[in-house]
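The chain below stands alone and is given as structure tokens, in the form predicted alone.
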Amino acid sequence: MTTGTAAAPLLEIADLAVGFTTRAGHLRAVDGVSLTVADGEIVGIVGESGSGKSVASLAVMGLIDTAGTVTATRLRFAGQDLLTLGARARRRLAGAEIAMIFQEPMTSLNPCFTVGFQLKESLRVHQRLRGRALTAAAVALLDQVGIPDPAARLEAFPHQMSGGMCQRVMIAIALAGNPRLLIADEPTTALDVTIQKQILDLLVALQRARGMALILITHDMGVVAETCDRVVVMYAGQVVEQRPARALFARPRHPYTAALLDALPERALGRRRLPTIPGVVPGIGDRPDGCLFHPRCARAQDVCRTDRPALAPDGAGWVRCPLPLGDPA
């Protein structure tokens, strides 16, 4: 799967799989995911909880613990093979050239240390700053992410700050290594609507100012419509559709993508009820034969129940469906 650019992609993933062995059996949380991200591109990864979005990003960061297994035919960043990179080199890369903002800002920061201590720790590791230069850089980063009176905030503990302020601190820590790729995993979770908009605007502004690539993981299609160049739709660990954002919103090809768009509140104006998708994402014990989405799909036919579809080229994008909607865009 390519981005359509001539230059080699910054991040290249082919057939990524992540599995976990549990008492209930083996769970394939990520199942053959392939995607690329170009320098300076904003890519949205969307899908319901349990679709494998966060697990795929943790695999890229090298943060899958010993209970999980990660395989891929290709996993490259800026020309480096992440599959063969040594543990020390992988640690140097994570947090520096590739950084990640995690969900739940109030729990992502260590409550026992001040904001300044945690931010300075990243700056010491990634930029090797000390003394006054370290403090000045920490203040500058807090100012860049929109925290008022940044010098005084260095002495604050996380519990003394709001969720929105804590998320801004997390963004500052992520930027401490001057990353080429920033992964934002549900960056507006647990924040009110006004603060969500501020955080998203901040991320896009920082992405443009620094020229870095941004992967935005979310279940909110409205957020993706406002920010992303390209969209990857995941379901039950698989990519089911990928195409430029404008084309996807204008003419979705996979029934799951169409169902997600139909559930947007702004598309339900004049209706008595907001459309929903029946059922849930399958787990270990209820993964169906054929297309994994067919038990929830109103358009399912016999072929959907028996044949497991492959991700296939489709116009300007890719789709995993034997009976795509409409004409490709």
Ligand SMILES: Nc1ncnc2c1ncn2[C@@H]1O[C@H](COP(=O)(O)OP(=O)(O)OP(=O)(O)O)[C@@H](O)[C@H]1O
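In case it trips you up, residue 1 is the first one in the sequence shown, and so on. Quick caveat: nothing in here was measured; it's all calculated off a predicted structure.
The next section is about a form of this same protein that is not shown, the form predicted in complex with the ligand.
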4.5 Å heavy atom contact, residue 54 to the ligand in the predicted complex: yes
The ligand contact in the predicted complex: residue 186, any heavy atom under 4.5 Å: yes
Exercise: residue 50 in contact with the ligand in the predicted complex, heavy atom 4.5 Å: yes
In the predicted complex, residue 103 touching the ligand (heavy atom, 4.5 Å): yes
Contact residue in the predicted complex, from 59, 33, 43, 29 (heavy atom within 4.5 Å of the ligand): 29
Heavy atom within 4.5 Å of the ligand in the predicted complex - the one residue of 76, 219, 251, 90 that qualifies: 219
